[in-house]
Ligand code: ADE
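One chain comes next, on its own, written as structure tokens: the form predicted on its own.
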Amino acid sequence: MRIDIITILPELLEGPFSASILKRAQEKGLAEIHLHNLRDYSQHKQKSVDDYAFGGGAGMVMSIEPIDNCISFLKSQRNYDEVIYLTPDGETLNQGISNQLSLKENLILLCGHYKGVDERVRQHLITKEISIGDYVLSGGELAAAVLTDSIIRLIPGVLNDETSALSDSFQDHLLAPPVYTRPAEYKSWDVPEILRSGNLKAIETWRHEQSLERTKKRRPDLYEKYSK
């Protein structure tokens, strides 16, 4: 999989992609992550990528020209499955979306800034809009990092234990069950006996029951989806 990220602050994304699972995925050749500085595609002498909004109002707007230039250049190199704009008013990211995108080959992510992008970008250049929650960040870079991580970890071979991603929270509309590790006893806080029994069938039944109970209590909206 290849992910191209368009940003005016590529330095914000260098750290998240140079460590841990995302670094290993790239080293294994399972994923490519490329950062593109939007200012490199500006025709202005000062490399500006924003301008005042028509009709007035506070804040600047990201211009269409450099964004179109960048996306057009990338599309001249290969075909892309989706061109995604990270925006607070997009579709809220969930595990299902990440699952679907992990099956794609090439993605473009556009990081918003200021008061957003010229609406014509959204109308003519973007194929999907995603939000990571009902709040506003200073820019789309952190959202792009979250989305990228959620996608790449699902690619077969990225995680050491490929079944790990399949048992994550939200995969089946259930939250993950409680997990424990050694020591079995600590400050009189004991690991449930069932987990130490060695009875794998009973353990799986217990974990499923715990997932149901936890989801029903903490996320009744998910439990309702599971129950349907």
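Numbering starts at 1 and runs along the sequence shown. Note that the structure is a prediction, hence the values are computed from the model and not measured.
This protein has a second form, the form predicted together with adenine, left out of what is shown; the following refers to that one.
Colleague: Heavy atoms within 4.5 Å of adenine in the predicted bound form: which stretch in 117-125, 95-103, 152-160, 80-88 meets that?
Modeller: Going by heavy atoms within 4.5 Å, the stretch is 80-88.
Colleague: State the residue from A145, I130, L107, I71 whose non-hydrogen atoms include one within 4.5 Å of adenine in the predicted bound form.
Modeller: For this set of options, the contacting one is I130.
Colleague: Scan 133-156 and write down, in order along the chain, each residue with a heavy atom lying within 4.5 Å of adenine in the predicted bound form.
Modeller: Sequence-ordered list: G133, Y135, V136, L137, G139, G140, A143.
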